[in-house]
Ligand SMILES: Cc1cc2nc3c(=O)[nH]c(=O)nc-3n(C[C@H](O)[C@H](O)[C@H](O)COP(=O)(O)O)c2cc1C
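For reference, the chain that follows is the form predicted on its own, supplied as structure tokens.
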């Protein structure tokens, strides 16, 4: 495999790839690779970065790659260019999740521009939110964002449903806290600030919630001696579900997840992931029952108004991208 100068579409390819690497991923593992040929970008799952304990089948990693795909689409649309995307284009290459081609000009809308701008500002915010309620119009916009990508976003607005989710969250967190292999994996991906370009830095881990907090957030290097903080009393929690639970369905759900997150960012909302209930099969099944058995829960989001969270570092696009000569044989 050779590395060659990019073709005339270099600037657009760079825009797309720089957006792609800003996608969220479990433990900030960044489980993607890209291969560029002319004006085409292949998106591949990086198996070496799939969490062996928390994400054995690569479901969350495929969601992350779907989010990266949506970022590329949004960045190109915001810059006036269209992208044609084919998902799972080659059955012989299971890790080839998508092929994106720059396919001409696009009439940019204000929404396109807002989503493209939001890519650089989106953060996972594990800190307390305020108790300011999210307006109905904003909630509806989040639901529409998921639907636009073929997924369903269910807002847990009834107290009973939120309490049930909180119980599933606590149970899953307890089981994972008692699993030495899971805890070792979390420690491997918790890093000192500024040391690595992946993993969750200590500064992004957030404080410990007070004991009576409704939601249990995952700990990333939170020191037990640190002061506990009060979190929001009535959090807005949303579950994103797909219509199928195949690899294709998961990649599509990842695109929907990212559209929801960017839509939230444009509305001034913060978001963090409550991954525990969907990482254990038993709690994921229970969560599906809670939602009436329709769809397959892919991710759980906590949404609200929070103070700015620090950005986590990313590997540079050049380090995760191969550039092919257009005449080069592909494996």
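Only a predicted model underlies this, so the values are computations on that prediction, with no experimental measurement involved. Numbering follows the first chain given and starts at 1.
As for the form predicted in complex with this ligand, it is not shown, yet the points below apply to it.
- Looking at 38 to 46, 61 to 69, 262 to 270, 289 to 297, the stretch with residues near this ligand in the predicted complex, meaning non-hydrogen atoms within 4.5 angstroms, turns out to be 61 to 69.
- Mapping the unseen interface onto this chain, residue 218 counts among the residues with a heavy atom inside 4.5 Å of this ligand in the predicted complex.
- The shortest heavy atom separation between residue 257 and this ligand in the predicted complex is within 4.5 Å.
- This ligand in the predicted complex is approached by residue 123, whose closest heavy atom lies within 4.5 angstroms of it.
- Interface membership of residue 25, defined by any non-hydrogen atom within 4.5 Å of this ligand in the predicted complex, is confirmed.
- Out of the listed residues 274, 303, 280, 50, 274 is the one that sits within 4.5 Å of this ligand in the predicted complex by at least one heavy atom.
- Contact with this ligand in the predicted complex, defined as a heavy atom within 4.5 Å, holds for exactly one of 76, 200, 142, 237, namely 200.
- Although this ligand is not shown here, in the predicted complex the stretch 300 to 320 places heavy atoms of 312, 314 within 4.5 Å of it, in sequence order.
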